[in-house]
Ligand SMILES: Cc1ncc(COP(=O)(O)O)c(C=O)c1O
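Given next, in structure tokens, is a single chain: the form predicted on its own.
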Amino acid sequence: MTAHEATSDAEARVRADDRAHVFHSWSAQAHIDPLPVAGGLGAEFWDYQGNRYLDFSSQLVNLNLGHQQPDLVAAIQEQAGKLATIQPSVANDVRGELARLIVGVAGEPFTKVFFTNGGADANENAVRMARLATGKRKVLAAYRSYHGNTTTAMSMTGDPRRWANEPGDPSVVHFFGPYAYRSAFHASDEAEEGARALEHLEQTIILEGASTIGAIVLETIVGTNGVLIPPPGYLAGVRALCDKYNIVFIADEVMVGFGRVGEWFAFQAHEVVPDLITFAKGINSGYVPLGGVVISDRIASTFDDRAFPGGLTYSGHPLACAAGVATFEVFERDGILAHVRDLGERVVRPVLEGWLETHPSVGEIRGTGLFWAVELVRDRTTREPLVPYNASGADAAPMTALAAAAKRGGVWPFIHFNRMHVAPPLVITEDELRGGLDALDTALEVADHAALANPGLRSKS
């Protein structure tokens, strides 16, 4: 058997086992054919045919340090040889060390970490802490958000993934967060958008009853639903409302924490401090599942003399924590945060801003660090999305074609509704980043063609 035949056989086995036995998330099982992946290294991965892709989605925006980062792999191997697992009710060296490191970068007033298996159960447990600390059950969460696939986390989610899972937690209420490009408040600029969004939030608090609301949960920067960066002062305004009405402020940093935007946590760039921080993904690039809640002393102290009614068998798993400790070491040694800030401002921003001039389908670009969204439209004047909200099938064809064009150019894209996101591993080199952006530049011609087919835009061009 030749090497090519062996590779083909291996691919066929992977595909056959997957199609026969793996039940995939968010999918109609008979309508998918997942790509068999053979390997990855750094910012790239490849299939069995040797096709290589720059990973511009960091898998699920979790692979911050890239594929097969040697220090993380070695840390897991070393820990497995020493102590592969231990229950969470005992003290463990790497668990305690990682908690200390996390609290250290979170800063005051954070003192404790409750470890979970991922982001969804981090949000579930943060809400549980807030409810118990305040004695109030209701939770406010924003539309255009995603908080996870467990009951309360899904109920807090403000995108269409919630719909099929309803009814869920009946004590969750949604409100509009700031989104100046598609303002719900008829705002004329970012400042007005932020001010009106805060007025709306306070009216929601008053009408829902401040005495019933235990927590406000916000993605510090909205992730999958648009890379929506809050206007200056908005998060500080949310903090002030929480203080005014005795509400716990939970910052969901599952996607943007640990370097994605060039800060350890995204809230640190907004000069605001939440009460609880939820994290996962970038804490160890998903090499072993891990998430958690960083807890302020005010909340943690409420459980000094009463038991916290929650726990997980794999909370603070040693293999996951070892990879987390190694992540801190890599970040410090390799200057990851500075690298992200530099590439975001010096490379990504000017390239994407250039697309506003060269691609009629590009309505707006927004982002920071290595976390960006390109909003695609049929008409820049009306801002009609290139595809309808929550489009699928034939309605989503322009975005499906865009994704296919990006893959042909050697880039694995992040596509959601009418947006293309740019979220590569934080270890990507400048040459790789520029090459990937060039490929997306070419792929955008597909979106331009769909936009120019719109009579309203054609008459303006």
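Quick note: we count residues from 1 along the sequence shown, nothing fancier. Not measured: the values here are computed from a predicted model.
Another form, the form predicted in complex with the named molecule, is not on view; read the next lines as being about it.
Interface residue among 340, 238, 283, 255 relative to the named molecule in the predicted complex, by the heavy atom within 4.5 Å criterion: 255. In summary, among the residues 363, 148, 230, 259, the only one with a non-hydrogen atom within 4.5 Å of the named molecule in the predicted complex is 148. Among residues of the shown chain, residue 275 is not one whose heavy atoms approach the named molecule to within 4.5 Å in the predicted complex. Residue 330 falls outside the set of residues with a heavy atom inside 4.5 Å of the named molecule in the predicted complex. In the predicted complex, the named molecule sits within 4.5 Å of a heavy atom belonging to residue 120. Only one of 208 to 216, 97 to 105, 178 to 186, 246 to 254 places residue heavy atoms within 4.5 angstroms of the named molecule in the predicted complex, namely 246 to 254.
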